[in-house]
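Presented below, as structure tokens, is a lone chain in the form predicted alone.
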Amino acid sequence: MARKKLETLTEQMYYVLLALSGPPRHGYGIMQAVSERTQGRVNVGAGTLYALLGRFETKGLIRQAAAHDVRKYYVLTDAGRRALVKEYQRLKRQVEDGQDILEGGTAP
């Protein structure tokens, strides 16, 4: 089954929104925050990042908070926070669904 756009998030989408859940960040700051949080496991390239920022802004998940020089700073909106929480809960259920089996238990 195909994934509905923004109904579920890719790993990169999730971490970009997570990076914007704190203080306003510009593009390079978002890339650094994602890399730091994931200890380098997830990297978001500039092309991917700016495409995501455009989609998120169009969908109302983020908004531009400020602009200094040529840098635009973004923050999460309430709708973006709800999308992030929804994805977190979905991922948590996936982990819980496999926890018994994968941690040495038995299948239901």
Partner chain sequence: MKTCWRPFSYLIIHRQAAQDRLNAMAEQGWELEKIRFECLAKFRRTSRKHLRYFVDFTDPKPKDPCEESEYLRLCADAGWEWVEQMSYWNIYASAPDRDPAPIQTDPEVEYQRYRKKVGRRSWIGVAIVAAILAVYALLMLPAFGRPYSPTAGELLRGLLSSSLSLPLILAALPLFLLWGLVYLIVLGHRLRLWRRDVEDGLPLSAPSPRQAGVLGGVKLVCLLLIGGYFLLLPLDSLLNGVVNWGFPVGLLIGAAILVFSDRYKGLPQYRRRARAAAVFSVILLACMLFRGPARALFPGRLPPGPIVAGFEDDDPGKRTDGLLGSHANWWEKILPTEEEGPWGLVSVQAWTWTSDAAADWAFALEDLQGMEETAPGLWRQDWGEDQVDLLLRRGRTWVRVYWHGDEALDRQALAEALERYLER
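Numbering follows the first chain given and starts at 1. Because the structure is a prediction, the values reported are computed rather than measured.
Keep in mind that the form predicted together with its partner chain is missing from the display, and what follows is about it.
Open item on the list: residue 38 versus its partner chain, in the predicted complex: is there a non-hydrogen atom within 4.5 Å?
Closed with: Outside the cut-off, so no.
TODO: Decide whether residue 10 counts as a contact residue for its partner chain in the predicted complex under a heavy atom distance cut-off of 4.5 Å.
DONE: Residue 10 belongs to the contact set for its partner chain.
TODO: Find out whether any non-hydrogen atom of residue 55 is located within 4.5 angstroms of its partner chain in the predicted complex, and reply yes or no.
DONE: Answer yes; at least one heavy atom of residue 55 falls within 4.5 Å of its partner chain in the predicted complex.
TODO: Consider residue 31 of the chain shown here, and say whether it contacts its partner chain in the predicted complex, taking contact as heavy atoms within 4.5 Å.
DONE: Output for residue 31 is yes: heavy atoms within 4.5 Å of its partner chain.
Open item on the list: Using a 4.5 Å cut-off on any heavy atom, which residues of 64 to 97 would contact its partner chain in the predicted complex?
Closed with: The stretch touches the partner through 69, 70, 71, 72.
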